[in-house]
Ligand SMILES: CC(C)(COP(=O)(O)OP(=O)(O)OC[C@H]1O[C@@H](n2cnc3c(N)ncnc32)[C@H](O)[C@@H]1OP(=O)(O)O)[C@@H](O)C(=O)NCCC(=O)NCCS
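To begin, one chain is listed below as structure tokens, in the form predicted on its own.
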């Protein structure tokens, strides 16, 4: 049961720092991003500021009083998000990298090598974005997992999608996130595709598969 004082609220810019902190603190299967890169700013600039800065109206936070303890970052149009990331965010991150504004170490270098090897070895993306145009990311602070907060965040976003007449939503997780898989399947998400990932080799002692789930609305 969710604790009585937990509220699911629309994201506001005052929540941005807390949301990004939780995103970085949980990026490695619930553990900090520093497990695979030295400077969390790289991860946040490349993967999260799009949502907080460009689709803030589609993001939600879970709060214990005034403290942000979890979040859902949502996107209504994945195609536009991918285009903006490739055209704006990735070049911005690259310029910061070249100018020395990020702290680069061996962890990050190994991660980038695995990242591109994984992309090269992954099968063609068959996800039909006309059927599942929206997507989301969700994370909770470690001490707040297991209270049903993730389900409530997702339910709020699904309500928002339905009100906007969005026809479908998808998400991506991994075979290592076993609790998340159970939650998504119980909520009615269907496994659309899966493939072996090289991204976490040497960091996790089991084969990891990327899983893509979807739901028609």
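None of these values were measured; they are calculated from a predicted model. Positions refer to the first chain, counted from 1.
As for the form predicted together with the ligand, it is not shown, yet the points below apply to it.
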*Does the ligand come within 4.5 Å of any heavy atom of residue 145 in the model of the complex?*
yes
*Partner contact for residue 72 in the model of the complex: the ligand, 4.5 angstroms, heavy atom*: no
*asked:* in the model of the complex, is there a heavy atom of the ligand that lies within 4.5 Å of any heavy atom of residue 150, even though the partner is absent here?
replied: yes
*Is there any non-hydrogen atom of residue 160 lying within 4.5 Å of the ligand in the model of the complex?*
no
*Spot the stretch among 165-173, 188-196, 55-63, 35-43 with residues whose non-hydrogen atoms come within 4.5 Å of the ligand in the model of the complex.*
165-173
*Since the partner is left out here, which residues of 177-211 would have a heavy atom within 4.5 Å of the ligand in the model of the complex?*
177, 179, 180, 182, 183, 184, 186
